[in-house]
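What follows is one chain in structure tokens, specifically the form predicted alone.
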């Protein structure tokens, strides 16, 4: 890639370490966040005092924002700057499929390329640069931005060329993750009720066909240790499942299991334990799942 200034907007729990990894492998990086940009930015980054400063300087801008509505607000602010330099927007936010399509449509009208590229792997993956990144972009655009993506997410993949397909991939992944967390927790609770030790349940499941990332990673590292420190909040799981259900309904896809999972488990946990890490699903199911 030719020498370019890269912009990064949104330096939260995921965005800050992603920007840090990007700064190690990219050219000049300019960063902005609504809170404490100076503290959250990589040490070698240019500190912007506004979104407008970023888009006047950077030809490629990454977004890592709370939700799709914020993305659309930022897109409108980008488009409101007459002397902007932005040619490409890469959206690492987890949003709805329809919101990604809307962002693409608004930017495309002004000849700005857009790729929705949400990530999976949590804060630890963001820090280590080992994230999975689900990218929806033309092959030409993906080839252009791939070196930047790989500096943040070694498992970046181009999953499709239609706007919203990256978001769809992320939402279906989180639906599966949320289902595995709930089902595995209920299964372990059942085993304990039969007098089995939870660590023995996990050991045998991981040697059998029921194994999944919850039993292989979350239970031994976060749940049985009672640290509950995955860095992924219950409110984020509930948010992603709501987006999944809405996106499924919008496309007339099946949503029976996801609706039951959302209303029967994660919404209830969010209501009772609003500030919890999502790995607390196991004690929650033991207490309230009867």
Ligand code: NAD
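Residue numbers count along the first chain shown, from 1. Just so we're clear, the structure is a prediction, and the values are computed from it rather than from any experiment.
Only in words, not in the display: the form predicted together with the named molecule, which the text now covers.
Annotation: in the predicted bound form, residues 116, 242 and 267 none come within 4.5 Å of the named molecule through any heavy atom. Contact check for residue 214: every heavy atom lies farther than 4.5 Å from the named molecule in the predicted bound form. Under a 4.5 angstroms non-hydrogen atom cutoff, the named molecule in the predicted bound form has residue 123 among its neighbouring residues. A residue is said to contact a partner when one of its heavy atoms sits within 4.5 Å of a partner heavy atom; residue 35 meets this definition for the named molecule in the predicted bound form. The named molecule is not shown here, and in the predicted bound form it never comes within 4.5 Å of any heavy atom of residue 61. Interface residue among 248, 262, 30, 65 relative to the named molecule in the predicted bound form, by the heavy atom within 4.5 Å criterion: 65. Note on contacts: among 253, 224, 236, 47, the single residue with a heavy atom within 4.5 Å of the named molecule in the predicted bound form is 236. Checking 149-157, 186-194, 203-211, 93-101 against the named molecule in the predicted bound form, the stretch whose residues place heavy atoms within 4.5 Å of it is 93-101. With contact defined as any non-hydrogen atom lying within 4.5 angstroms of the named molecule in the predicted bound form, 170 is the only contacting residue in 159-173.
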